[in-house]
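Next up is one chain by itself, shown in structure tokens, the form predicted on its own.
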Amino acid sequence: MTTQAYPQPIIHDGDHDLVLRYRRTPRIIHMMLAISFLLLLITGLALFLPWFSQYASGGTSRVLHRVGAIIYMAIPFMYLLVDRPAARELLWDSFHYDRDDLDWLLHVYRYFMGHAEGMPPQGRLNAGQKLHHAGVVIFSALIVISGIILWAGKGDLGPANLAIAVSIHDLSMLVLTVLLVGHLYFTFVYRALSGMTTGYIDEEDARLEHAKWVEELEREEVMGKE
């Protein structure tokens, strides 16, 4: 599956070129995902941890938790509705790996320490980002399914099934929280925040981390001029 064509994927501005990393729709979806997840995390802590229980009085946190859950569950459908090609591409990329991806994972320790130079060339997503997105998809599905069961059928589960559903729900949230921490770490280490604030990242940074993707954009740009 090839990268879809983006309007003005590369902006040439003297010696400082910019590459369009994320269009407006994926950035809005990302923001909604982040807000709804944080709402779920904070209100979940109020329900789960004793020292947060004072904030759960009156049922406000439970209501907010369910509001966050509805938004969180709606996001994949909204993404498919407003930008199906981008949603399908993200899902495809997250679960498809080539030899360069596997080689990248063997050297992930270098990337973790902030050294992207010399890493195997990557596409639109590097192998770490693919694993991150795949993990978000899988554990989001688990948290949604277990959440719906707890929401709609908690009274009919019985002690054993209730414990299983709660365990799956809580462990999935723990994994997603760890993924969030890792996501924030790499965002700041590799100066990737502009990709979500403006949509563009520096061409030099893009070429360093996603050489195959930048080359593909350049080929598309040349073909568009012919």
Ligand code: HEM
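For every residue, the number given is its place in the sequence shown, counted from 1. All values derive from a computational prediction rather than experimental measurement.
Absent from the display: the form predicted together with protoporphyrin IX containing FE. The rest refers to it.
Partner proximity in the predicted complex, defined as non-hydrogen atoms within 4.5 angstroms of protoporphyrin IX containing FE, places exactly one of 131 to 139, 148 to 156, 98 to 106, 112 to 120 at the interface: 131 to 139. Among residues of the shown chain, residue 200 is not one whose heavy atoms approach protoporphyrin IX containing FE to within 4.5 Å in the predicted complex. Taking the partner from the other structure, protoporphyrin IX containing FE in the predicted complex has no heavy atom within 4.5 Å of any heavy atom of residue 70. Mapping the unseen interface onto this chain, residue 90 counts among the residues with a heavy atom inside 4.5 Å of protoporphyrin IX containing FE in the predicted complex. Not displayed here, protoporphyrin IX containing FE is approached by residue 30 to within 4.5 Å at the level of heavy atoms in the predicted complex. Contact with protoporphyrin IX containing FE in the predicted complex, defined as a heavy atom within 4.5 Å, is made by none of 65, 172 and 178.
With the partner omitted from this view, the residue of 168, 162, 192, 45 that lies near protoporphyrin IX containing FE in the predicted complex is 192 [heavy atom within 4.5 Å]. Of all the residues from 183 to 199, those having a non-hydrogen atom no more than 4.5 Å from protoporphyrin IX containing FE in the predicted complex are 183, 184, 187, 192, 193, 196.
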